[in-house]
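A single chain comes next, written as structure tokens; it is the form predicted alone.
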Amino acid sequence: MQFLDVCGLRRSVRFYKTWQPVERDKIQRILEVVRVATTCPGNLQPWRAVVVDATKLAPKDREMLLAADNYQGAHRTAPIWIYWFADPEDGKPQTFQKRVHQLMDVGALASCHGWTHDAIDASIEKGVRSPEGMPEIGGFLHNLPYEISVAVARGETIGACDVACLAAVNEGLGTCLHMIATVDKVAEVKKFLKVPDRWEAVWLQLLGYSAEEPEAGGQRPRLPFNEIFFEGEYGKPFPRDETVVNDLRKEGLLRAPAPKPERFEEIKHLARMFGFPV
């Protein structure tokens, strides 16, 4: 699928074909894309995922995981549940130090920009100001509070989940992000999945073949372009060229806005099919 088609068709799908299993190779392909394509400062890679095939769960385990997410309708119909976590250990300065050394060793970071092994070590271990050309990491990473490492790990994992959603669309699947659990049930879910206590719960990604029509009722509402993008300074909207807009419509990024005329009838039909209140 072309990239702009993938972006234009990305929806939060909330009705899945319970009778159609997801092929394992498609799940692996999504995970491979996340591993390779997700950007991350210092190549930290703090994301971790546990894939659960809901169709193979014991009834009591399925019930517990659904209850933890307040029995959300989409969760009940999706056959694959991917639990995404962030490992704060991979958000720590020491991890940044190790991974940046690796990047320099493979030529991803250039010495002509100031990147050297000695400069990295001095910045992180002693707070020495970084050489010109490098980011000033000494003032930020030296003695970094653990809480910031947690925030960094969570933020980067959120980015990985966005990549995972686009990868799912590219595989012809529907997907949606949920909270892993309500606040009081997170520990129970982590215990069931046997993940380390330190891991931070980020998102639950639902995965399956969409029971909704391909565009799921149309493209979702978005804030106006000129309210969120600026040029040079805040208050000066970045000019929106209508020629570009028309090209993006032709290329599949910009599509018919929600709701499509038949959308609410479709929802009623799906509700009856899955036994939800109409």
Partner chain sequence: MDNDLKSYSSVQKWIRNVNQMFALSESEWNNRLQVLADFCAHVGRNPDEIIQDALEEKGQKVDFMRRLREASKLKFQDSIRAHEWQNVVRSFFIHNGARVVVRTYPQGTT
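Residue numbers count along the first chain shown, from 1. If you're wondering where the values come from, they're calculated on a predicted model, not measured in any experiment.
Only in words, not in the display: the form predicted in complex with its partner chain, which the text now covers.
- Within this chain, R29 is remote from the site of its partner chain in the predicted complex, having no heavy atom within 4.5 Å.
- Its partner chain is not drawn, but in the predicted complex it has a heavy atom within 4.5 Å of K268.
- For L65, no non-hydrogen atom is located within 4.5 Å of its partner chain in the predicted complex, even though that partner is not displayed.
- When its partner chain is considered in the predicted complex, R198 lies well away from it, no heavy atom lying within 4.5 Å.
- Between the options Q205, S130, S149, T77, the residue in contact with its partner chain in the predicted complex by a heavy atom within 4.5 angstroms is T77.
- The stretch that touches its partner chain in the predicted complex, counting heavy atoms within 4.5 Å, is 65 to 73, out of 246 to 254, 218 to 226, 65 to 73, 34 to 42.
- Although its partner chain is not shown here, in the predicted complex the stretch 44 to 59 places heavy atoms of A54, T55 within 4.5 Å of it, in sequence order.
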